[in-house]
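In structure tokens, one chain follows: the form predicted on its own.
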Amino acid sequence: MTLNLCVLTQNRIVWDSEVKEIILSTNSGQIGVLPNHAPIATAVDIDILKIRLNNQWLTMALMGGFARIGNNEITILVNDAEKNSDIDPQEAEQTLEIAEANLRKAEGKRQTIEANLALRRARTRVEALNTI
């Protein structure tokens, strides 16, 4: 038995295919989803989505959003998403270094909050390359 996983951003479909299992980071922790999972709607955190296809695991960087799970259908609507195979490792590392530097020189509450979010997004992209 499989699940139908659809990962959408505002302007594109990132993933639309059957999977065996996913591990999703929500605002209240990670959840594993197998076929016949109880229905749930949840907020999605800035973190990695792990996808199992048969015996192979793939990762995807998710930039926060919402997920709906029910009837073996998973729909994840996010601000942005990238499959690990689409992430340029050098560009991701550079972006992480820039985000770290911007956080160090952030002044005031607003700049600090924005720099922290940029850092979380950059770290997630690098982690997607190095996970599994």
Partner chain sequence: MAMAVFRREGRRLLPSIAARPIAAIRSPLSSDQEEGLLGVRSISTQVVRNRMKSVKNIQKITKAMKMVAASKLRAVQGRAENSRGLWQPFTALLGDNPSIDVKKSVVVTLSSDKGLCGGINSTVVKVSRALYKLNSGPEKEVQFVIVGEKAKAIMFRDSKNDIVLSVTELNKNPLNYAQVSVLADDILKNVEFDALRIVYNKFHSVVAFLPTVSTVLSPEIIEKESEVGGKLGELDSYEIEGGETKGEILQNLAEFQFSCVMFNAVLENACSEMGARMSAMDSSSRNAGEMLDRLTLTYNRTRQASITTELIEIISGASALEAAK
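Predicted model, so just to flag it, every value in this text is computed and none were measured. Numbering follows the first chain given and starts at 1.
Although it is not shown, the form predicted in complex with the partner chain is what the next lines describe.
Asks: Can you check 85 to 93, 24 to 32, 52 to 60, 100 to 108 and let me know which stretch has heavy atoms within 4.5 Å of the partner chain in the predicted bound form?
Replies: Heavy atoms within 4.5 Å of the partner chain in the predicted bound form occur in 24 to 32.
Asks: Would T42 sit within 4.5 Å of the partner chain in the predicted bound form, counting heavy atoms only?
Replies: Answer yes; at least one heavy atom of T42 falls within 4.5 Å of the partner chain in the predicted bound form.
Asks: Answer for I46 alone: is it within 4.5 Å of the partner chain in the predicted bound form, judged on heavy atom distances?
Replies: Residue-level check for I46: no, no contact with the partner chain.
Asks: Indicate whether T75 is a 4.5 Å heavy atom neighbour of the partner chain in the predicted bound form.
Replies: Yes - in the predicted bound form, heavy atoms of T75 and the partner chain come within 4.5 Å of each other.
Asks: Should V126 be classed as touching the partner chain in the predicted bound form when contacts are defined as heavy atoms within 4.5 Å?
Replies: Flag for V126 set to no.
Asks: Any chance W15, V19 and N36 all have a heavy atom within 4.5 Å of the partner chain in the predicted bound form?
Replies: Result no, not one residue of the spot touches the partner chain.
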